[in-house]
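Given as structure tokens, the chain that follows is alone and in the form predicted on its own.
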Amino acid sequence: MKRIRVGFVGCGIHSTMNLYPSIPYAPIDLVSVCDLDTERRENARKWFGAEAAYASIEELLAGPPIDAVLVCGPPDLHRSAGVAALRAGKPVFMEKPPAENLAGALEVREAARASGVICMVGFMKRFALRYREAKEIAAGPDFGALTHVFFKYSHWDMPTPHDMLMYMTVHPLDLMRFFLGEIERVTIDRVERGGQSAYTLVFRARGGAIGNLLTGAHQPRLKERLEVVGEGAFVAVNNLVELEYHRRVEARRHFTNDLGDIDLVRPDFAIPNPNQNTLFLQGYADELKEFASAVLEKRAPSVTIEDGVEAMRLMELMERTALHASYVRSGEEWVEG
């Protein structure tokens, strides 16, 4: 089986907990690692079997030959290291968000377009097992046309509203696009309590479906719930791992105790297989498999820097909305209307 040789920029907690451990599930050979912190990069080199460790992206690119670069760290590192790798002609996988702001994301996109190599943004929730199953169910003929998507994504407090949007809210913004398709109108309402923000967004997609997103930083723990409604059918995912599918039924069955139209799926952690592994449940393993396959097959991955830019555009709208505003899509831009 063909494999790719990669250099990995970033050896922090998130990368060593989730992304480095996912590498063995993909056709990837880890060649080199990079981090400003000597102890972190040496630990990553030893723990995950890299040939070399460096303090800068420039050293990594000049080191042993690699086919691609993975980047995971602060958002501005995604931008700077990603741009450097793309300009060197290396395909890039970068964690979300692609940059600190929209301008940085556009810089990454320009570097990818100029180099002609792929840039994938790590929206791992698109690859989370239950969300992929929900997407497949919603696309099936028995589900009917998509009518409504609801997503709740609430969590603990954040240092600033910008941090909330950049590190957390960017996830549900991308998922709404994943399930709804391209969005042509969005209405945003915002409230501030105790220095923390909460938002509701109403989307209208180009295909006619609508969506609601509720997100905020007022809960003690992260809680998320997805609901997708078709024409008489319904699928929901609770806290990422539990799926319930309600198939379409005849009206007379609604008032009986026959619940055979409902499927419930949840992991059984007593069974050690990939479907019970959090790296698959959360999507980290499959996003790296998709990136490696795209590099080997010389094709665009299923999620690209274009998706990163679109999520950052929506994030920017939320950041500039004081209490309430509606926006419509005009070309690449969003305008009030």
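Just so we're clear, the structure is a prediction, and the values are computed from it rather than from any experiment. The first residue of the sequence shown is number 1, and the count goes up from there.
The form predicted in complex with another copy of the chain is left out here; the points below concern that form.
- In plain terms, the part of the chain that comes close to another copy of the chain in the predicted bound form, with a heavy atom within 4.5 Å, is 274 to 282 out of 288 to 296, 61 to 69, 274 to 282, 305 to 313.
- Only one of 259, 139, 103, 114 lies close to another copy of the chain in the predicted bound form, with a heavy atom inside 4.5 Å, and it is 259.
- Proximity of residue 29 to another copy of the chain in the predicted bound form falls within the 4.5 Å heavy atom cutoff.
- Using a 4.5 angstroms limit between non-hydrogen atoms, residue 230 touches another copy of the chain in the predicted bound form.
- By the criterion of a heavy atom within 4.5 Å, residue 263 is counted among the residues contacting another copy of the chain in the predicted bound form.
- Contact annotation for residue 210: at least one heavy atom lies within 4.5 Å of another copy of the chain in the predicted bound form.
- For the stretch 216 to 243, the set of residues having any non-hydrogen atom within 4.5 angstroms of another copy of the chain in the predicted bound form comprises 218, 219, 220, 221, 222, 223, 224, 227, 229, 230, 231, 232, 233, 234, 239, 240, 241, 243, in sequence order.
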